[in-house]
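Take a look at this single chain, the form predicted alone, given in structure tokens.
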């Protein structure tokens, strides 16, 4: 398995432990990640300038195609916007021609095909449950996990094609393959609230509180995330609350690749467990 690795803009600067844990886990599972000179996925300007957003996304596909690779990203936001760009080109011929002319200025050709997968899909469909179980040297037996899907990958379902947008099961299959239990959790598909940061922090905080309380009520030991925004919200932003805030006692957020790395027996430093602001320590069995 060989993919063009697309970490996006936020992981290298705001959540490097996600990047290091993705690379460590992929290396352990035989997934080769090729680093190319990608630009932004285009999401940050999608609602200000659609042409700029779609061009930015498609330019990445053109770079990947030149390398003969499909894109793999661990970021749900990047995944969602790259898929959105593909859908917009399919439905708007005029937009496609404009993007093609901009690519030509950069010496790039319109890609003949555009493929992007989120890391979870690769783990589920290409690696598979049996391989994960076989590599789980230290299974997460007894750990109760609340899987948090991240809304950018799920919706709109006809664009992303990630999983059933109303009843996904992909995330839970991966976590159970590691030996952990997954909990039923009503809010697992709802937005974490991070996209509202800086626009309406009151609502963003309320969404975060509701979700953390929901995970705690479900009996979870940890919340598993597979999205840059969700992890930033449940770990970094929560850590800004007062030291006596009750939400600090709610289940900590752990990146899916940190959980996988722990189950595979990788060094905790290699998967960045010491970088999480709200710590979680795997049980010693």
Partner chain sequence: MHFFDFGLSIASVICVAGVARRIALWWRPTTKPVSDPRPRPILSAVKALVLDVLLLARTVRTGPLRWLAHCLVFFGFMGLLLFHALDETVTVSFFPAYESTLDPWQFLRNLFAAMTLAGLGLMIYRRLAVRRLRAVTRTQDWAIVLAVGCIILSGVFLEMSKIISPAAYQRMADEYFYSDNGQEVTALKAFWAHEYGVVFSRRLPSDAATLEMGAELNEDNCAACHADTRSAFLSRSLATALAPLSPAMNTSRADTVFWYFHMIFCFIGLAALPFAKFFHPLSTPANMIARQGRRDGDAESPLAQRMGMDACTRCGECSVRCSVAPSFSVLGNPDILPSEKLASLRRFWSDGSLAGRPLADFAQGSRICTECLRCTDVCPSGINLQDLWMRSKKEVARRSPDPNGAVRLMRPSQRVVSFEDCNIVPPISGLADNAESYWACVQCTTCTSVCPVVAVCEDPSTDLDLTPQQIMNLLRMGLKDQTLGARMVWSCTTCYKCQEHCPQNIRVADVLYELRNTAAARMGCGDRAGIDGESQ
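Bear in mind the structure is a predicted one, so any value in this text is a computation, not a measurement. Positions refer to the first chain, counted from 1.
As for the form predicted in complex with its partner chain, it is not shown, yet the points below apply to it.
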request  = Please state whether every one of the three residues 115, 120 and 218 places a non-hydrogen atom within 4.5 angstroms of its partner chain in the predicted bound form.
outcome  = no
Residue 66: touches its partner chain in the predicted bound form, heavy atom cutoff 4.5 angstroms = no
ask   = Would residue 137 count as touching its partner chain in the predicted bound form under a 4.5 Å heavy atom rule?
value = no
message = My question is simply whether residue 165 lines the interface with its partner chain in the predicted bound form - judged by any non-hydrogen atom within 4.5 Å.
response = yes
ask   = Might residue 83 be said to contact its partner chain in the predicted bound form, defining contact as any heavy atom within 4.5 Å?
value = no
query = Which of 189-197, 141-149, 68-76, 169-177 has heavy atoms within 4.5 Å of its partner chain in the predicted bound form?
reply = 189-197
query = its partner chain isn't shown here, but in the predicted bound form which of 28, 247, 51, 34 has a heavy atom within 4.5 Å of it?
reply = 51
query = From the list 9, 264, 24, 273, which entry has a heavy atom within 4.5 Å of its partner chain in the predicted bound form?
reply = 9
ask   = Taking heavy atoms and a 4.5 Å limit, what residues of 242-260 are near its partner chain in the predicted bound form?
value = none
